[in-house]
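There is one chain below, alone, in structure tokens, taken in the form predicted on its own.
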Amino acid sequence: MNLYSFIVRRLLFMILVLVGVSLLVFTVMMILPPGQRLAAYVTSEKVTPEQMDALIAKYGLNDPAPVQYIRWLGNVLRGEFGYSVTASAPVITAFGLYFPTTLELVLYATPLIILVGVALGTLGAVRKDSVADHATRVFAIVGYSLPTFWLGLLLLMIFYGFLGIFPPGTLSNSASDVVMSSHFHHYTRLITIDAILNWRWDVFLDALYHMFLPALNLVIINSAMIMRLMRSSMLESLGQDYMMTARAKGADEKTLYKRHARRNALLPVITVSGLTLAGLMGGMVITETIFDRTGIGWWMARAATQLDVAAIMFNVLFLGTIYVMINLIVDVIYAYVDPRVRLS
């Protein structure tokens, strides 16, 4: 099977999975009574019982479940996800406001997570049982074991509480005033990129300054798994027969590590990196709440506490879609790197 046939097959499978995700989201939504599901359609908090009954009938919330699913799926395909009470705006509008903050942090944190995990995992495997190996293993175990909220609070206490640097939030007041002014053009809604395009390097540095602690929190927690997997995969590759044959032919160790062992060891790391990226894209509830970054995770936390049905259902559907799409991308990359996968 060639690569294009493999991609087509995966795309068809992705469509089936997305239908399954939509059914799961709708089933969970149907657990709630019609009165609570009505919150996804009304924009006013003051609704009398008579108005509520009329609105429930208007939106067909007492209709048979299959009828409601078809109507709801049609609304979703048209981009109509309801009204978010917590954001006081339509869900799709609120998503446009909160998602850039999450995406920006993901774009900076993900490469660091992968680089740190691969580099330290390789170092531990190449220098097995050395001081460097033991140090990286301790770092991996500690990072993997730490609760995200505990590490985030610890980082805030040390850097912001004791040292007075790297405050929470997205921007300082002065930088926020610049971004909110009419002279600042929002090309992408990503603050660092828009700051560069507006030639406001002070805003760019301010955004990075506020992003340091949440990015550090994510790197410590998420790179631990990649590090452990990279080390074990690298050790397995180094012990293969072809490595011994290459050494017998006089190949130097640097070439063996870079061109042979590390390339094969990266295959399982690709999968874990994809799942890590999907988790980050789906919203970092704890990290964004602790560091007061108004992203998708922050929005989900508020929606959950206020039972914002429309926002919760949209974010669950969005998270499922992200996982499916990134799994598709990972499968394609995997098939490109290792042609054997296409035949499985």
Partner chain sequence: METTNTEQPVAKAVSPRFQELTFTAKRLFKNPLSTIGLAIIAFFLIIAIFAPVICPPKYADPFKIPHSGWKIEPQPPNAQHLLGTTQQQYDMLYGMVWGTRGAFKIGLIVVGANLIIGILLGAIAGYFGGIVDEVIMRVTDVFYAIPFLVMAMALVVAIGRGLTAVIIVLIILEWPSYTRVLRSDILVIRNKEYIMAARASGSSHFAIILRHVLPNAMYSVLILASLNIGTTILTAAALSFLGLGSETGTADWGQIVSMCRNWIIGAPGNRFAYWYTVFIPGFVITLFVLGWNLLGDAVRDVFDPKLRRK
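Small disclaimer: the values here were computed from a predicted structure and weren't measured. Residue numbers count along the first chain shown, from 1.
Below: the form predicted together with the partner chain, not depicted.
- From the list 135-143, 109-117, 187-195, 88-96, the contact stretch for the partner chain in the predicted complex under a 4.5 Å heavy atom rule is 135-143.
- Not one of Q240, M244 and A335 comes within 4.5 Å of the partner chain in the predicted complex, counting any heavy atom.
- Interface membership of A301, defined by any non-hydrogen atom within 4.5 Å of the partner chain in the predicted complex, is confirmed.
- Although the partner is absent here, Y160 sits close enough that one of its heavy atoms falls within 4.5 Å of the partner chain in the predicted complex.
- Among heavy atoms of L307, some come within 4.5 Å of the partner chain in the predicted complex.
- With a 4.5 Å cutoff on heavy atoms, W201 does not count as touching the partner chain in the predicted complex; it lies far away.
- Only one of L216, V178, V272, L153 lies close to the partner chain in the predicted complex, with a heavy atom inside 4.5 Å, and it is L153.
- This chain is drawn without the partner chain; in the predicted complex, the residue among M313, A40, L61, L277 with a heavy atom within 4.5 Å of it is M313.
- For the partner-free chain shown, nothing in 210-225 comes within 4.5 angstroms of the partner chain in the predicted complex, judged by any non-hydrogen atom.
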